[in-house]
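Before any questions on binding or motion, here is one chain by itself as structure tokens, the form predicted on its own.
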Amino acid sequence: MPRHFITGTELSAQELRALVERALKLKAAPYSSDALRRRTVALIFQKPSTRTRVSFEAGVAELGGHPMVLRTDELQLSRGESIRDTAYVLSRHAAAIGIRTGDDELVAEMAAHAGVPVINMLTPSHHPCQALADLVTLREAFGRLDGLKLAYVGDGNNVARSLIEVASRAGIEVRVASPDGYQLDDGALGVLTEDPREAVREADAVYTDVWVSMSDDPATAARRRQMLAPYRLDAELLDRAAPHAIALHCLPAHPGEEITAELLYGRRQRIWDQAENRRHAQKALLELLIDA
């Protein structure tokens, strides 16, 4: 049976650490692996993408493979063909399938029927590939993962959930600060609070994300901005973290909303490293899954 990557919890703590180290080696020598030589990876995009598409396409090419980018309107899925049939067909042509979609069940069903690894490139509930890149960025910045403290401030969304699920496995203490009504469910691991100042205390990194995402109802945008305004990542909030603390953001960003331009483009962030590290982390993931 193929090994899938749907939530990130499929990997053990040991595998996560090994993947991070492998990603850093691939970053240092981008063309040192030909794990996908003469192989194709199908990449299905049902949601707009910049970082995911660019990083996966470039990464597959660096591994010697061919990235087959497929949009919804280019597939018979848009005309009623089943996910099961699509999974059967793609498995006959590709070494792995990545999918970015607004439907968690679609990814689960694809994985249930695919004969090759399926990678969740983003769903409303999970963003595990981003979490892998965040681990690589933290390891790069601090030389370790065990014992780090990571604070997330803002909407309790898919990024926050994946940080808890994935980073916690790697030995990082994750705290998520969100207002009432925007918090993760009580079953989430990690520390959940409504107080952003408490969340960032002694944190090594402070993370945020957009306040209004692709999956949110536009009619609620004004209310979301009002509720999340106290959770803006600015210099004052970052100053409450550890003296060496860095700002993180998975992008796209809206300067002046969830993060100030001063931090987004300043010297106290590793945000653009995060964006680059998507490629290296995903290359290490593809190596792991395809060799499984």
Ligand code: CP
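Please read these numbers as outputs of a predicted model, since none were measured by experiment. Heads up: residue numbers just count along the shown sequence, starting at 1.
Absent from the display: the form predicted in complex with the ligand. The rest refers to it.
Open item on the list: Would you classify Ser49 as touching the ligand in the predicted bound form, given a 4.5 Å non-hydrogen atom cut-off?
Closed with: Because a heavy atom of Ser49 falls inside 4.5 Å of the ligand in the predicted bound form, the answer is yes.
- [ ] Give a yes/no on whether Arg100 approaches the ligand to within 4.5 Å in the predicted bound form, heavy atoms considered.
- [x] Contact with the ligand, yes.
Task: Leu251 within 4.5 Å of the ligand in the predicted bound form, heavy atoms - done: Yes, contact at 4.5 Å.
Task: Interface membership of Arg278, the ligand in the predicted bound form, 4.5 Å heavy atom rule - done: So Arg278 counts as contacting the ligand.
Open item on the list: For the interface check, one of 251-259, 29-37, 231-239, 59-67 should have non-hydrogen atoms within 4.5 Å of the ligand in the predicted bound form; which one?
Closed with: Selected stretch: 251-259.
Task: Contacts with the ligand in the predicted bound form - residues in 118-132 whose heavy atoms fall within 4.5 Å - done: Those in contact are His127, Gln130.
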